[in-house]
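Here we start with a single chain on its own, the form predicted on its own, put down as structure tokens.
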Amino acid sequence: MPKTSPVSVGLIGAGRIGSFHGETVARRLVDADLVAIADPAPDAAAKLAKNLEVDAAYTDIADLLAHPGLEAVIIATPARFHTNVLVQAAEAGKAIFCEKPMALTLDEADRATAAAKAAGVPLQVGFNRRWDQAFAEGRTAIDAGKIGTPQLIRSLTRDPGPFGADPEKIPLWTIFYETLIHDFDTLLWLNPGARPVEVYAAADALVRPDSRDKGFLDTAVVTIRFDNGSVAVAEANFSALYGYDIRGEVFGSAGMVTMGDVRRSSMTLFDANGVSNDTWRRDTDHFIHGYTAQLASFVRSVRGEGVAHAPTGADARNALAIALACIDSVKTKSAVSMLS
């Protein structure tokens, strides 16, 4: 039978998104308790634990995994550590929610999913757009056949500007590994049953052209052909001065669905300056309901309840395969076959 007591959750990684996930568990979920936080940075876990009124804070992940009664973990470390931490958590028998990307190579992805399977623990990956109401309703319409057969699919991510980060501190290929990875999962999810057969990517440093020679990329457009004949386009840019712009679209033989809106709401101001709308500026504001719903679904899976559309390790691997094909495409300036 599904358990009824709150699920005891530990947070690994006390950075920006980890802190937000910790806040979600501690303050927004009624059937989960945040019982421990770990981060190797001095005082990072302790500061967050104090803010969220969590008793246990560690600098060693092994100590968190040994915390009495711990059932599940949220992995929100830098991406390069995800796989090793995931495997460590699985071997400790903990249910796992891992931020995207789950891995940076296909071998790592296979190792991660194999570890979770061998341990018999739930594994969910943080593709939060599946839980956004507009995107979820779009998938429901597609499943119901309301747009017919998907033909043209689009997903875009434009981060709010102005871009103020130091390009030298951003890992190479981040635009594919950590930004467009969301769009790749979205495109796969909105084209159920279809498999990508060819990928072509063009990318450049248009926001910070002074960092182009160092390999930094801040703008990309990706074209994906699928085995059902449909064609998808994903695009990303690190500096949309008008706001945080996340949208999706699926055009089919019988209709079309569109998802996402840069406007915070339908409220429109008419005044002496003209007509205007407030826009989203942070992902944690725009997708607060999606972020919360994905963790609620993870907790339900730990409780033994079935969850539809939760992104699995296999889903993470499929999105990663497209990201890796994009990197190859940029390097070779040619289309890359996914058939092998």
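Owing to the predicted nature of the structure, the values given are computational and were not obtained by experimental measurement. Residue numbers run from 1 along the displayed sequence.
Just so it is clear, the following notes concern the form predicted together with a further copy of the same chain, a form of the same protein that is not shown.
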Review point. Any chance S276 has a heavy atom within 4.5 Å of a further copy of the same chain in the model of the complex?
Key: yes
Check your understanding: Do R281 and a further copy of the same chain share at least one heavy atom pair within 4.5 Å in the model of the complex?
Key -> yes
Exercise for review: Examine D261 and determine whether its closest non-hydrogen atom to a further copy of the same chain in the model of the complex is within 4.5 angstroms.
Suggested key: yes
Point to revise | Partner proximity in the model of the complex: P171 to a further copy of the same chain, non-hydrogen atom cutoff 4.5 Å | key: no
Check your understanding: Would A44, T105 and W189 all count as contacting a further copy of the same chain in the model of the complex, using a 4.5 Å heavy atom cut-off?
Key -> no
**Study point:** Candidate stretches 206-214, 79-87, 119-127, 96-104, one within 4.5 Å of a further copy of the same chain in the model of the complex by heavy atom
**Key:** 206-214
Practice item. Please pick, from A194, A92, A115, V257, the one residue with any non-hydrogen atom lying within 4.5 angstroms of a further copy of the same chain in the model of the complex. Key: V257
Study note, to complete from the structure: Interface check vs a further copy of the same chain in the model of the complex: of L70, A310, V54, A293, the one with a heavy atom inside 4.5 Å is V54
Review point. Considering only 134-165, what residues come within 4.5 Å of a further copy of the same chain in the model of the complex, judged by heavy atoms?
Key: A134, E137, G138, A141, K146, I147, Q151, L152, R154, L156, R158
